[in-house]
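Single chain ahead, by itself, as structure tokens, in the form predicted on its own.
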């Protein structure tokens, strides 16, 4: 049995058992998509634009769903006071009551599925679903070029710096960000790439021209997403970007405490070389020749 056959069979069985095929999801008098919007709006402040990015819904379909919830008194739509072009969605009192009912019925549905299983079987199912969830989300993450000043890029770099500061023995200080730093990650000098899922950055990295070769910098993967191959995919994507920029050699540096990164680089064909830069935090330097 192929992987696609297993995945498709699981999709058919699972969607049937949780009520996705019903017009009235959980007996609430609305389809799953509308119930999901109530959940998303009720669990964190959001806008139409953020919902569209997070859920990947067609703008026309999303607008119809929102108008339906608004007519039924579950949602209010108001202009954002900080940007009149955006519309902020909030739940009404009735909307919060509906959200509580959605949560209660969803919990009851989950319990009905789990009740026949033994504790050991539940542990197996929990582990299997957690792994499946991570791998499916990682497989469907979207890799996109972004400007280094884009909010997604800024968030990825901020998280990257925070992690290095935590893991390095004496902390990490990248120094002030200058306009020239951003220019290094714009064509034709370089590129910045973000992997995003549900509108949020889950990995990022840049490649720039340095000393006549390409250099990979600021590569980061969200801790919750590690072990799903995002690091390898980001590295390959940055190598492809280096080739597109006209380079045949790519270099990078790292520090000895980043053992996972070192293992990734060596597994991906990078060879240790002598110091090629003045990065005071680096202890290991690598190089790889790229295919034409």
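Predicted, not measured: the structure shown is a model, and the values here were computed from it. In this text, the rigid core denotes the largest set of C-alpha atoms whose superposition between the two forms falls within 1.5 Å. Residue numbers count along the first chain shown, from 1.
Absent from the display: the form predicted in complex with the DNA. The rest refers to it.
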- [ ] Select from the listed residues 236, 67, 267, 256 the one whose heavy atoms reach within 4.5 Å of the DNA in the predicted bound form.
- [x] 67
TODO: Could you tell me which one of 83, 133, 155, 123 places a heavy atom within 4.5 Å of the DNA in the predicted bound form?
DONE: 83
- [ ] Within 4.5 Å of the DNA in the predicted bound form, counting heavy atoms only, one of 222 to 230, 59 to 67, 238 to 246, 258 to 266 shows up; tell me which.
- [x] 59 to 67
Open item on the list: Even though the partner isn't displayed, in the predicted bound form is residue 42 close enough to the DNA, meaning a heavy atom within 4.5 Å?
Closed with: no
TODO: Consider residue 52 of the chain shown here, and say whether it contacts the DNA in the predicted bound form, taking contact as heavy atoms within 4.5 Å.
DONE: yes
Task: Partner contact for residue 87 in the predicted bound form: the DNA, 4.5 angstroms, heavy atom - done: yes
Open item on the list: Given a superposition on the rigid core, I'd like a yes or no on whether residue 78 shifts its C-alpha by 2 Å or more between the shown form and the other one.
Closed with: yes
Task: Rigid-core frame, C-alpha of residue 235, shift of 2 angstroms or more between the shown form and the other one - done: no
